[in-house]
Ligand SMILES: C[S@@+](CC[C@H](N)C(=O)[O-])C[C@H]1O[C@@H](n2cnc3c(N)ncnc32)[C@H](O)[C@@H]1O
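Taking the form predicted alone, here's one chain by itself in structure tokens.
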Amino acid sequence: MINNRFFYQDGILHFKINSSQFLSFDFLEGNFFHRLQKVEQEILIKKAIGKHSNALKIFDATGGSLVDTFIFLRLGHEVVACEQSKILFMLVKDAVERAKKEYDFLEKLTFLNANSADVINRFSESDIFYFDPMFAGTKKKLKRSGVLQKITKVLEIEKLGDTSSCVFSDLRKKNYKKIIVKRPIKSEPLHHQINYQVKGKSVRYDVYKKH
């Protein structure tokens, strides 16, 4: 059973993927910690969000390891993040609880273990809906990132597929203020009626606005 694969080591919750691989998260040290200390350098994502006078309500439909969610929070916004994987949710939630002593902005985070399709209607008044889908055709990226490889294996264990493109398509038929989709720089957009794009060297943000 999946629950039998969880264990604590040095106060951090881990999940045993196989005999040689384990997955855990820690927001208090490492590259991610240093990235948060330099959030003013997150130019691309700030441009995608756009200028605003007040804190925004953001719905992150693809929570994952909460990397982008933390950036939104660090910028002063309020975020509801969804992660359908029970394993990822438990590991990330453990990391969030440990990180609360360092980051006051986590008080503005609502983290849900759910398929975003099942709950998104409850947050229809969000200022921004954010999607960062995991797509086929990113094998080179997966080879470079051990964490992404492990997350992919976790999703395979739980037999979960990426439903975010379907959630995005359904959302576009409804009223919304802004949708931001993070994409590999050379990949096809989820929909070609893009209002504007913010491009970096390896990723871009496709922005859709309705009203």
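Note that this is a predicted model, so its numbers are computed, not measured. Don't overthink the numbering: it's just position in the shown sequence, from 1.
The same protein also has a form predicted in complex with the ligand, omitted here; what follows describes it.
Of the heavy atoms in residue 26, none are within 4.5 Å of the ligand in the predicted complex.
Looking at residue 116, you'd find a heavy atom of it within 4.5 angstroms of the ligand in the predicted complex.
At the 4.5 Å threshold, heavy atoms of residue 109 stay clear of the ligand in the predicted complex, well away from it.
When the ligand is considered in the predicted complex, residue 36 lies well away from it, no heavy atom lying within 4.5 Å.
Exactly one listed residue, out of 67, 157, 44, 56, brings a non-hydrogen atom to within 4.5 Å of the ligand in the predicted complex: 67.
Though the ligand is absent from this view, in the predicted complex it lies within 4.5 Å of a heavy atom of just one residue from 82, 73, 87, 120, which is 82. Contacts of stretch 49 to 65 with the ligand in the predicted complex, defined by any heavy atom lying within 4.5 Å, are made by 61, 62, 63, 64, 65, listed in sequence order.
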